[in-house]
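Below: one protein chain in two forms, given as structure tokens, structure 1 then structure 2.
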Structure 1
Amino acid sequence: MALAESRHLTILADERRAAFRHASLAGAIGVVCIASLWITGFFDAERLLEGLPALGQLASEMVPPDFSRWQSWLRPLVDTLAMSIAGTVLAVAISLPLALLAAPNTSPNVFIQQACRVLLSALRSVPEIIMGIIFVAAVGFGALPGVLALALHSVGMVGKFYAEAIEHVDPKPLEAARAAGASPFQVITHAVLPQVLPQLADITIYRWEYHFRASAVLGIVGAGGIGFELIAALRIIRYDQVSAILLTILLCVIVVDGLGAWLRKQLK
């Protein structure tokens, strides 16, 4: 009886310590969040109130939206869609080999694994809009610099997610394939990829949906697409056309997200 009571008290003490740690962590996170809001001026009520009239004036100039130039937006929208698809295809083509080299269970050695992880970290550390500026300066205006910027930035993210999915596959099929004398390529094609293909497809589709939204932003730096039309309307202070373009982008994003959801269901 005494031993059982002692164990019960020990369990209660462990639970109290765990609850205290969780509460302390939550409190520390809360303090960091509040401090970040304060540092960025979120609690400056006077400044926020002073900006309300400007926001109201801007909103009044955006209503009603002016769709008179909608025909001239069709080609940029097609370019934006093509950029998102091409950027995704190129990102996947580069990410999959890098992910296989970065995952510890498929990488030839630790040196290659760490080198690939550093490369993936470096690529995702540079925002696509910065890459867009660089590629516009290198290859000129148009959709090509947008595709390159989307692809290279996404390699860092997609490669990381691919590598994590590959890292957590069931090791038993890999061990069985190696024991049967399969080559590294055969291990990957017969034991690794069949396990992760549904997850890789999900990651790819989500990234394509993101690419469409990012493509619109890249147009602002000269990478073509509907973003170029958006920045042109902003430069001539045609906020009614800006609101129309934003609504058009919103409609396209809804369609792309719906198509992505349909594709995910088909691939399950």
Structure 2
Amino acid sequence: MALAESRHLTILADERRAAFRHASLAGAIGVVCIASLWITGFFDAERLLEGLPALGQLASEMVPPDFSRWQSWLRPLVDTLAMSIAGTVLAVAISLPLALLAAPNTSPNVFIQQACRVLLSALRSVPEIIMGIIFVAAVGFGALPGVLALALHSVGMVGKFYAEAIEHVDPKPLEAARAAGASPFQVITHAVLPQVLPQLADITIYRWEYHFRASAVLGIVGAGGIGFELIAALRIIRYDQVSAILLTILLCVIVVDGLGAWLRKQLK
């Protein structure tokens, strides 16, 4: 009896310690959050209050949106859509082989695997806007530098997600293929890829949706598309046109996301 009681007490003491640990962790996270808001000047009430009328002024200049130039936005919109698709195609073409080399179960050896992981991280860590500036400098204004920037940055992201999907395939069909005399390449084409294809398609379609939004931003550095019109309207301080373009982009994003969701459903 006494033994059982002392055992219970030990368990309760352990439980209290665990609860205290959780509470301290939550407290620490809370402190970091508040500190971040303070460092970035969020608690400077005076500045915020002064900013409000300016914000209101801008907002009032944005309505009513001015759609009068809509015809000259059509071509850039088509460009943006084409950029998003072309960027996705390029990203997939480069990501798939890199992912196969980076996934531990398909990579020929550890060195290649690590090298590909580092390469993917490196590509991921350069924002596409920076890539855009570099490629505009290299190949001039237009959609092409935009596509290259989107693709190269995305390889870092898409390659990582592909590699993770490949890493988690069921190893049993791989053994079955090997037992039937399949070469390492055949194991990949007939046992690995058939398992992960829906996931890869999912990742790709999400990336395409993202590319559409991102390519609007890339226009700002001269990489073609609707973003170019957006920055032009901002420069001449026509906020009514800015809001009209933003609404147009919003509509397109909704359409593209809907299309992506539909495609994903077809591939299930």
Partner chain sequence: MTIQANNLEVVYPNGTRALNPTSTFFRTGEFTVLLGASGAGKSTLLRALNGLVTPTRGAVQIDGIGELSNKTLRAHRRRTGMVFQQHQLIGRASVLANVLMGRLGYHASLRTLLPFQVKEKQIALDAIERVGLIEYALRRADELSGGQQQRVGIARALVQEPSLILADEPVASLDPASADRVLGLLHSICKDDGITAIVSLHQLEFAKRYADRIVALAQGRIVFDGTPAKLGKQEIARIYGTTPADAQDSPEEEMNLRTGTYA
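Everything quoted here is computed from the prediction, not taken from an experiment. All residue numbers here refer to structure 1's sequence, counted from 1. Take the two forms, superpose them, and find the largest set of C-alpha atoms that agree within 1.5 Å; that set is the rigid core.
Structure 1, rather than structure 2, originates from the form predicted alone. After superposing the rigid core, the Cα of G27 is displaced by 2 Å or more between structure 1 and structure 2.
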